[in-house]
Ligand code: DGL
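Take a look at this single chain, the form predicted on its own, given in structure tokens.
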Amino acid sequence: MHPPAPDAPILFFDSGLGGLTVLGPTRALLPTAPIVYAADYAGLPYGKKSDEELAARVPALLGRLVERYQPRLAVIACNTASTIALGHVRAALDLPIVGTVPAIKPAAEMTKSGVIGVLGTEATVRQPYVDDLSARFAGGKTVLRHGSPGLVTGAEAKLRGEAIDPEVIARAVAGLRDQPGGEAIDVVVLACTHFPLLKDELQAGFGPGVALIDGAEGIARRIAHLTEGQRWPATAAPGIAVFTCSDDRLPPPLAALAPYGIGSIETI
């Protein structure tokens, strides 16, 4: 295989804008990496879709994006898509694919009380994959989980500069706290890439005694490792954001994406 050209981008894929929380730390490690950020607005929210639907939709859409943008590597910066479709994508596409997994292992190493909360979409928290991670890395610990689709909507609203309904935060916190043993939670895994966009609001809701963790830094390190030794442009060029067309959801203003190095918006 030939090494990728310096201008071959890293492709980030998510249902919406949550994957920006993975793009941020990746840019910190690879500041001149060309970026294509793809958001499937026509399919948002993924947490409400069936596993079968996502297992078909995600590889097909990524195939179109790979053909169009010729990336050196693709990042599925979405826990729901990763837990359901990662294997299908790897089978369909001939390039390195980095997935996103809930940060249950570091949470198990951090907890003092032995009770961990996992906040994700409804689709992610019901996955056997989460059971497997809990069994492998959090044996002897209590892992409570809650699916909160409202946080996805809240994160998208926040990036657009809109107000967040405090009830959405309160319901997400109560969804974990009100379970048996929930009062002892001292670490919460943000198992959806959208949720770190609401870290301040969630921290206020859970209180100072609870640590919130996500996998974004680890994913960024994985991307840097997989592209080690490859050539990059000498200077950073503005990235591209591409959105699937949706009748009821318009792409955000470019100003909301500019802090992540995005300079233009396209639709597909």
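Keep in mind that what you see is a predicted model, and the values were worked out from it rather than measured. So that there is no doubt, residue numbering starts at 1 and follows the sequence shown.
Another form exists, predicted in complex with this ligand; not displayed. Remarks below refer to it.
Mapping the unseen interface onto this chain, G218 falls outside it, with no heavy atom inside 4.5 Å of this ligand in the predicted bound form. Of the heavy atoms in G205, none are within 4.5 Å of this ligand in the predicted bound form. Contact annotation: P34 falls outside 4.5 Å of this ligand in the predicted bound form, judged by heavy atom distances. For I185, no non-hydrogen atom is located within 4.5 Å of this ligand in the predicted bound form, even though that partner is not displayed. Only one segment in the set 23-31, 210-218, 46-54, 227-235 has any non-hydrogen atom within 4.5 angstroms of this ligand in the predicted bound form, and it is 46-54. This chain is displayed alone, yet in the predicted bound form one of A107, L198, V152, V143 has a heavy atom within 4.5 Å of this ligand; that residue is V152. Within 4.5 angstroms of this ligand in the predicted bound form, the stretch 70-88 places a non-hydrogen atom from each of C78, N79, T80, taken in sequence order.
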